[in-house]
Structure formats: structure tokens, C-alpha cells
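This document opens with one chain alone, in C-alpha cells, the form predicted on its own.
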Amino acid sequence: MGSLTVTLILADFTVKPLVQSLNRRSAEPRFAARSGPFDQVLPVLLDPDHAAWQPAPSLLVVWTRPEAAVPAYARLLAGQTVAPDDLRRDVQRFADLLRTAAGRVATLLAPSWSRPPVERGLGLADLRPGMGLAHALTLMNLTLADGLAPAGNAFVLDSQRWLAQCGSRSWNPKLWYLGKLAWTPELLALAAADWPNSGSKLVAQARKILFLDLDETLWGEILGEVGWRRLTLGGHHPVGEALRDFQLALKRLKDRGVLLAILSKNREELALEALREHPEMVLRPEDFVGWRIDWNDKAANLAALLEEVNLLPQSAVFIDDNPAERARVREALPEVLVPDWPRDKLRYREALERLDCFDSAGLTAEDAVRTASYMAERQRRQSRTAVGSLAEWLGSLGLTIRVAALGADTLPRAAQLLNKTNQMNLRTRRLGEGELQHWAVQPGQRLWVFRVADRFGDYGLTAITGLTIDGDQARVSDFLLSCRVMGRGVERAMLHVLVRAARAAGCRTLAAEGLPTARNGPCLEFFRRESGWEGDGDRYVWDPARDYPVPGHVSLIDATRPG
């Protein structure tokens, strides 16, 4: 049985409905949400030995009322004049406490400060500096967000979204006076649906690829009937304007790292011409990682494209205006998310924005160029068909690997990779940014990150490996790399770094113990058949006194060594 996954909620108001909602919606059998002692937020945050920290939570939610957390705001409520710098100073102190607490959990969430919607404040003057409560809360929330940003694993949630959805139903004065409920159970349920059960899943849960139809989805009309010049898209037509805005929203997803692909029953040359030539087209062929534009079954085409980009069905979303096509994909590939889609094209962008399956904890440089990276991979595959042998093809790539110790600039991407890599992952360890940073600086721990590039482009940071050193014994703590660079010699370069580091530390033994999962067979198979390490079950050893060579076709640039 797995370990218990705990969410701890610290609040200065009653959160029992929130705890109940989280426990009801959890699909994890070993999940438990619980609240700390009522109105004891600061005592718990200040005392790392407080009983509320046991069992240790992976996700910490700190939800406070602004007048309870920020003394300067309480004075403003009491009618006193408060300088903006006083508000900033109090908020920064609170943010410092939260950042310290974030070091003890995988993820910390703090809903932004809000007021009940019935409070008018000063009316027209409520956004005046030094006077209005609206101005004060805006300043406080921005200061809190800036104060938490350095933690990496601490996030401010926008509570205004929940208030906008609930409206006047978000607050009931009777509930406050009778039971100290700052917000209604309806709003608390919306909040519970807005964050994951486990902090380590913040990165892993996001869907990675969106498959899109063309006719009546990306544009109005049927391309084969009207031609690309007469497609309804853009201009002053309400449907055309709505569809162009839909494409703009898709483009923003793509720029965040979500892959886009096309599944359309159409003539490929006509569809690509429309994407290239239509003056109002936002999405061009280079924005898509791949396409199947033919008359074949869309479910089969979707599965083939997933295999081509090496992703699983649970990574995919399918959008099509045709309910029959949606039903077919749902039936054939139940792990693919197929949202119901509105008949009204004016609501397409709204339907897309309501999807939370693409939510992520942050954006890394690798996310922003992911589509270009996959397009470069297509070029690599095409080049391989023109080269006679695997060795010749690897030699033609001009593979360069840069290795460096984990640093503040690489921490976000390293945590992302750690939490979403499954196939080439020796131990499938999951840690949030704060946990990973804390682990990496402990005595005896070493952690390296690897950036990979070749003549077609830069893969970015795509591999991590680490050692735990205990006296003269070394153990591989992590060994993982993106499936995009599997089988190209990166694995052996990583082992070279591990062996060299173990020898430099004076270790006499170096061991790698795999923890089998349903999906990390490729990594275990590499150690078993290709690594050259001696194996006993899922444990593999190497004598650090022996060199482990870097593959001849790899140029290894080591930033951890002088010169």
C-alpha cells in the first residue's frame, strides 16, 4: 500500500465544507485532506514542530482573511489612514512566513485576498491610494504574488474567479456569525475543484497535446465546397471574428507548450494551402506538431499521431464540432479527453477557456519552444531514412550534451521533468520544486542536469541524474531523461558522469536500483541490456575504479569541471 497523500489547510475561518469537498472528489484511495486548528495560522507557520504538521503534508493551503493576516489592512478597515508602504511591509512579512513553510511541502497555495461582494467600500473612491479598500487589496495581492515567486513551488490563486462564478451566493452573513464561515460552501466547492489533491501532480496532471478538426472548428464552412478564399474567418463577420479569437486562444496554448495537431477529413493539399494562404489565419502549418488530413478513421489517426510523438492517450484532448466523431474517439480511446463542444461558434473560445486540463504550475523555456522541438524531431526521423545505419545516423547528428549541477535557473524545469517523466525513469521519484531544492543541498547528495542539442535544434534540459553518497558507497538517486532523446547516447553520457563523480568522491561501490512501475520498462531494459552494468534483479552495479566512456559521437561539455 502506498504512502498517505495529505493536504493541510490552514485558515482563520471554518473550512470544514472545503475539507469534505476535497475528500469527496479525490480519486486517490490514500488521500486525506484535513484542516489545522481553527484560527491558528500564524502559530502553525511559526512552529515547524507543531502537531498540525503530522502526518507531513505534500500540499499546504493557507487561506486567510486580509484583516487577520495584514495588521495595516485591519487599521484601514477601522477607519485609520494607512500608507501603501505599511501594507507592503506587513504583506512581505507574511510572504516570508509562507516561503519558509513552502520549503517543507511539495506545493503551497494561497488564495488571494478578497472582500464579500456586498461591501461597497468608498464607492467611486475605492481605488484611491491610501483610502480605498479595493486599492489596498489589489496592492496586497500583487505584493504577495511577488513575495512568493522566488519560492518556485508557492502560488497565489485568484479567488476573484470563484466570486465571479458565485456572485451574491459567495457570502452569507448568517454563516459567518453562526459558524465563522467566511465563504459559502458553494464557493468553497469551486475552490476545491481548482487545485490538485497532491502538490506533486501539479505538473504531471496537465494534458500535453490537443487534436483539432478543421471544417466548422478552426474555420467556418466546408473547405472542399467553398475554397479557402470564402472561409468564414476573421473580418467583420461575428462568427469569423469569434473563430479568429478561438485560434488566438489556441495559439496561446501552443506558446505555453501544449502541442497542437490536426485530424481532418479533407484533402491535405487544400487544407495546408488554406492554413498557409488565408490572410486571417492565426495558426499556420508550423504551429502544428503533426497532422492526419485524409478520409480515414479519426480515432486510428489520433492513435498513430500519438505514437509518432511518443505520447500516451491520457495526454491528449480532441476537439471536433461533429458529435459522431467525438463519440467515435470516446469509444475507441477512452483515456483521451473529448469535451462536449457547443454548436454555437460564438462560444468556442469560452469552451476552450473553461478547460482546466492544460493548467500547469509554470512556464519554462522548453515549454515555449516545444512545438519547434517536435518539428525538428520530424526532420531527424526523415534524415535517418537517408542514412544507412544507426551508427552513421547518430554520427551525423552532431550531438552535444552540456552537464551542470542543479541551480536556481534550472530548478523549475528540473522539477517539471522529474514529475512528468515516466518511461525513462529509474525510480520515478516525485518532488515539488521546494522539496527538490531542499534535497539537493543535503550532505552527500549530488544532482546534475543535462541539456542536449544537435544540428537540427536544441532539445533543452531533458535529463537529470543524481547520486547519494554514504561513506565509500554511492547510489543512483535519480536517472531520468525525456523520451525525445532516448537511444542517442545520452544515457551513456549520464552514466559516465555518475561513475566519474563516484570515483572522485572516493567511493568503492556504485549501485543503481530500479523501482519497476507500469511505465518505466524502457529504463529498466536499458540498464539490463545496454548499460554494461552488472545486474541482479533490478539492482545494477559498476566499479567506480573503471572508466565508463562517453560515446564517440557525443560531445560532452561539463560545466562542473574547471577549464
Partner chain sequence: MTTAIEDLVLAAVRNALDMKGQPTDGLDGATTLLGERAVIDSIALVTLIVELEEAILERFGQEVILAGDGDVLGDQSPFRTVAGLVAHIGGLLDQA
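The structure presented is a predicted model; accordingly, all values stated were derived computationally and were not measured. Positions refer to the first chain, counted from 1.
What follows is about the form predicted together with the partner chain, which we do not show.
Of the listed positions (Gly179, Pro313, Pro285, Gly235), a single one reaches within 4.5 angstroms of the partner chain by any non-hydrogen atom in the predicted complex, namely Gly179. Interface residue among Cys166, Leu175, Val309, Leu337, judged by heavy atoms within 4.5 Å of the partner chain in the predicted complex: Leu175. When contacts are judged by a 4.5 Å heavy atom cut-off, Ser555 does not count as touching the partner chain in the predicted complex. The partner chain in the predicted complex is approached by Pro185, whose closest heavy atom lies within 4.5 angstroms of it. Looking at Pro544, you'd find every heavy atom of it more than 4.5 angstroms from the partner chain in the predicted complex. Although the partner is absent here, Pro17 sits close enough that one of its heavy atoms falls within 4.5 Å of the partner chain in the predicted complex. With the partner omitted here, the stretch from 488 to 496, 167 to 175, 244 to 252, 267 to 275 that lies within 4.5 Å of the partner chain by heavy atoms in the predicted complex is 167 to 175.
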